[in-house]
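The chain that follows stands alone, in the form predicted on its own, written as structure tokens.
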């Protein structure tokens, strides 16, 4: 191998290494918050309030090995001696190191505090629990400690109804625009009719229309038709908002299908409907799956459209509205908020990983001609 070829091979290996490292860093940046959310959803209230989620990994931490109760006759305003070290109250509160590597710390106030002898050990905080999910999914009661030291029983948040409502909204709001857009894309790609280019241009132009400016006019129409507050209202709204992108995406893919296959079907006497159902739909699975991921994620995570067209009634609340309500009422209950947030992420993750093999193929639909 020549010197020039060896140099080119080294440069290529170096560039591949840099690209792979950059991709690995990006993956870690995107994955770490999700891992933290998952770990936090299994931690107890006390652990979340006193330590970060990364403390579940091995780390060094001061662990109490002995606890000493100061005597009533102890002069707390002078120099005190515990476990072989002496110091004032302020020094003990800050912590005093012993010759053998321990630390003596005064915990609490001057009158009722205790002295703890601590050792810096390798440890892991793995006190996991399923109670968080039980309180969120099943609405189980749980006990909390108030600032006054009293024990209070609180009813948990039942997410089951909101989860089913989100599923009821997301599935039809994903399937309906896909079917309509597939028919429209086939018509624009393979059927000749007057005004085809103008209508397609109008469909593409609708993608730049902000969703927010259409909410109030649609809401007024829904109120006059007595549709507001129903699932049908939000199905129609998501269908209308998702159709332009779906039509454009599927048009690029369907237009790139081999012309010979369709011409052979026409020669054999197949109708447009037969060609669409027997040829176009099976061949367009990558593009359909790609848009299904986009649409399902958008509808599942939607808050604004659901709030406007469904409302905040408990019997029709979707998951995003339930979590937002939970943030307002339980803003300090991170063990419940993380469990509820991960529940809301679970189904979209399943959908994405189930359809990911079609994702890249669908994104590249119509981008390469050959």
Partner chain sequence: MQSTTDYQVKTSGFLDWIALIIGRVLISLIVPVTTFGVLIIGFRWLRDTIPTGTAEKTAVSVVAIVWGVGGAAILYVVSNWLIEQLNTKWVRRLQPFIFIGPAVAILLWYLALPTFRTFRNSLYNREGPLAVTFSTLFSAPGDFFGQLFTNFIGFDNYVAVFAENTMRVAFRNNLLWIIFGATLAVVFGLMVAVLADRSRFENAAKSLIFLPMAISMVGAGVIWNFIYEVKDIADPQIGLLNAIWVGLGQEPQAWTALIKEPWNNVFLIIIMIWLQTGYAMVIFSAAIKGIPEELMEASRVDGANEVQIFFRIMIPYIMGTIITVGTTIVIFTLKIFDIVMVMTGGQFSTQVIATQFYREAFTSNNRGSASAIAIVLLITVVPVMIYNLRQFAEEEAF
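Just so you know, these numbers come straight off a predicted model, no measurement behind them. If you superpose the two forms and keep the largest set of C-alpha atoms that fall within 1.5 Å, you have the rigid core. Numbering follows the first chain given and starts at 1.
The following text describes the form predicted together with its partner chain, which does not appear among the structures shown.
Can any non-hydrogen atom of residue 33 be found within 4.5 angstroms of its partner chain in the model of the complex?
-> Heavy-atom contact with its partner chain at 4.5 Å: present for residue 33.
Are any of the heavy atoms in residue 42 no more than 4.5 Å from a heavy atom of its partner chain in the model of the complex?
-> Because no heavy atom of residue 42 falls inside 4.5 Å of its partner chain in the model of the complex, the answer is no.
Determine whether any heavy atom of residue 19 comes within 4.5 Å of a heavy atom of its partner chain in the model of the complex, and answer yes or no.
-> Yes, contact at 4.5 Å.
Given that the partner is absent here, does residue 231 sit within 4.5 Å of its partner chain in the model of the complex, heavy atoms only?
-> Although its partner chain is absent here, residue 231 would touch it in the model of the complex, with heavy atoms inside 4.5 Å.
Among 169 to 177, 72 to 80, 108 to 116, 94 to 102, which stretch sits within 4.5 Å of its partner chain in the model of the complex, heavy atoms only?
-> Among the listed stretches, the partner-contacting one is 169 to 177.
When you measure heavy atoms, are 213, 236 and 239 every one within 4.5 angstroms of its partner chain in the model of the complex?
-> The answer is yes: all three residues contact the partner (heavy atom, 4.5 Å cut-off).
Could you spot which one of 290, 135, 284, 165 gets a heavy atom to within 4.5 Å of its partner chain in the model of the complex?
-> By the 4.5 Å criterion, the partner-contacting residue is 165.
Since exactly one of 48, 343, 56, 310 fits, which has a heavy atom within 4.5 Å of its partner chain in the model of the complex?
-> That would be 48.
So which bits of 86 to 111 sit within 4.5 Å of its partner chain in the model of the complex, heavy atoms only?
-> Stretch hits: zero.
Large Cα move at residue 234 between this form and the one not shown, threshold 2 Å, rigid core = No: residue 234 shifts by under 2 Å between this form and the one not shown.
Examine residue 225 after superposing the rigid core and state whether its CA is displaced by 2 Å or more between this form and the one not shown.
-> Yes; residue 225 is a residue whose C-alpha shifts (by 2 Å or more) between this form and the one not shown when the cores are overlaid.
Threshold 2 Å Cα movement between this form and the one not shown for residue 253, core superposed | Yes, because once the rigid core is superposed, the C-alpha of residue 253 moves 2 Å or more between this form and the one not shown.
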